[in-house]
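The data below hold one chain only, encoded as structure tokens and taken in the form predicted alone.
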């Protein structure tokens, strides 16, 4: 399981804005280490965000996404005190889910 994500969510005028900082190495599989060996690919494949168990964002990532990616998105609905959860799965089968309360 990866390191915790930093999630912030705020609702204003019926629109909720979510900001997520994901801690992940995101290796492309094209870089070489100091010994000249290729560093194996290791990247997030799928990411899903839910508001009260309803999917509000579903995305597919690839090897071209930077290390420790930042993601921001908005959705209609959400009220202060509601929960927003973000889950990801990488190409090695590792996964992580974290949640935040809407402010």
Partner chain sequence: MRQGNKYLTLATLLAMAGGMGSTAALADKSTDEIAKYRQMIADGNPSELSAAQGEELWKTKRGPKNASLEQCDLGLGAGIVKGASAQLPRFFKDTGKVQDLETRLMTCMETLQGIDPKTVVNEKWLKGERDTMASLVAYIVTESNGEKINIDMKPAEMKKMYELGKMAFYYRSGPMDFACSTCHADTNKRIRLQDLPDLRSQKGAAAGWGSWPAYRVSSGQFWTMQHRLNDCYRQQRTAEPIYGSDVTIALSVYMASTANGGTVLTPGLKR
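Keep in mind that this is a model prediction, so the values were computed, not measured. Numbering follows the first chain given and starts at 1.
Here the subject shifts to the form predicted in complex with the partner chain, a form of this protein not shown in this document.
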(request) Give a yes or no for residue 22: in the predicted bound form, does one of its heavy atoms lie within 4.5 Å of a heavy atom belonging to the partner chain? (result) yes
(request) Give a yes/no on whether residue 101 approaches the partner chain to within 4.5 Å in the predicted bound form, heavy atoms considered. (result) no
(message) Given a 4.5 Å distance limit between heavy atoms, list every residue of 62-78 close to the partner chain in the predicted bound form, or none if there are none.
(response) 67, 68, 70
